[in-house]
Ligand code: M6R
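Let's start with one chain on its own, the form predicted on its own, as structure tokens.
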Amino acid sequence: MCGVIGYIGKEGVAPILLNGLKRLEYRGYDSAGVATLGSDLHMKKDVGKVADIHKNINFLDVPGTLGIAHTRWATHGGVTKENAHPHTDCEEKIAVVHNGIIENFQELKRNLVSLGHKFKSQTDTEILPHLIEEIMRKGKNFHDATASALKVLEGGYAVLVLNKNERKLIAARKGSPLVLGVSDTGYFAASDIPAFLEYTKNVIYMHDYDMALISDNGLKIFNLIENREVDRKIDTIDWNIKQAEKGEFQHFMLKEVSEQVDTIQRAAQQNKEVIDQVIKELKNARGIFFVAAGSSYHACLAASYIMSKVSKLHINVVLASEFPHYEHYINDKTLVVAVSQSGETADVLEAVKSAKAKRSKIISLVNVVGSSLTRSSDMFLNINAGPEICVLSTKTYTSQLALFTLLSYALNDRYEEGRKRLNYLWNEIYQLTSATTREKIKELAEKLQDKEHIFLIGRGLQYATALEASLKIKEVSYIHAEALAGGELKHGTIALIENGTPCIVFVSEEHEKEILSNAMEIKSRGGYIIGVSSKNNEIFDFWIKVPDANSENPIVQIIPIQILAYQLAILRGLDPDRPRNLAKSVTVK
């Protein structure tokens, strides 16, 4: 979704907003804009990426020590300068940036138009400054008018609001992420911590319906449902700014792929007492659902195979958006394990909400402590991957797999064995992410860069890996990639195989004969076979060597395909960090 950042304090606001926009661009990159308060309200915005817009209109050329900014991923209204944020009221006194969707905006807009308000954009966001303006005309002050306006909005929002006549910043959230930063020189508000990480590590996680009123004298947080001032504690995070920077790498994606040498180990460094509590809940539950979306769903699917094999436990794996259709199976004996990198995925939060209504217990796996999902859960495990900036999930996916692997062994009273197995992967992952491996994968990418279709097959754990691998390829290279279980080939898909059609085959020692038989079926029809395996085979036209790591195969086998997806994007002239039409966190349904 979109990214917002705001600041009020002693420092010049322009560089803070520009740096924040650059760090939030993974959340949206259709357009961007800033609004600052100096002697007047100053606003600049345009379509394009942040760097390109800055080059044309110079975001640093705005005055003041108070301001807000936005990088957009279009939902309501096309990608135009008029639809770029910030948006203002009729008199251009109120400025707003917004992440989320206002579901009742058409009804509100019709009413405001009937009252004489003039709109400049097609966005839902522009409703809010006009609504605040209208309420202030009736006598309410800026703070109370904003609170009243927010209460009539349906849908989700993270909003920052300025009034040219008052030195205050208002920040509010419902269903969309918003976190505050506290430093000696001022206050920050942003969609994600990396936006202000170089300035402070002291953060306040806002709850749903919280509205913060921030001035030079401090901040107060009011909850719009409770209708009172509330206390929200200040947490200190252990992320550092280097984790949120590219360093020597050209792109975040390659940096984060390379970081898996360390992130797998960090995922395995869990509090044993918390692990024991989770294991107790897994053993006592009568019905377990793993719920997630995107790559996290694929991690859950792989985990269901691992837990079946290692700990003889049956898991129901459900896409978060489909979970409501399983509600009639849920009760107070059910355990729901919700998985989300950001902890703000709208479909996952909705699934958790419906499960809690049935009094189910909730355990979550997240990468952002303090997120909405952690607060909605009875307990949570932190995957410890650090900030992931690239839109594509790489290190967070394998960290989820590592944590699921540890749980699987702990369920079978083999916790230490699980830790040792994950620690053993250090050298293997180092080799898989090395420059030598990247060069070898580049050779394959050069052969595939002009292909329109790529098929991927596997059996068991390798089927889950094929699904994730296909997602990585199509997300970033825009090549159609389709994954299927090897046994399903003859049930239709083999009709699409032509001379030269590439097929990536994930091979494990456990299912070697069956999957190689499927590969031969493709090869006999002219397919180009790419083997991901611990040993070469005459069937393969190209071989990617990986160790056979048994239950850890999903970790080691996906890494070369992450690199392949990256190399394909580069060869096709695409930006691997910012694929078209995608954003890092899907915070609206």
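Don't overthink the numbering: it's just position in the shown sequence, from 1. Since the structure is predicted, the reported quantities are computational estimates derived from the model, not experimental observations.
If you look for the form predicted together with this ligand, you will not find it shown, but the lines that follow are about it.
- Contact annotation for residue 393: at least one heavy atom lies within 4.5 Å of this ligand in the predicted complex.
- Within this chain, residue 294 lines the site of this ligand in the predicted complex, having a heavy atom no more than 4.5 Å away.
- Within 4.5 Å of some heavy atom of this ligand in the predicted complex lies at least one heavy atom of residue 472.
- Using a 4.5 angstroms limit between non-hydrogen atoms, residue 342 touches this ligand in the predicted complex.
- Here the chain stands alone, but in the predicted complex its contact with this ligand, taken as any heavy atom within 4.5 Å, falls in 286-294 among 286-294, 350-358, 122-130, 301-309.
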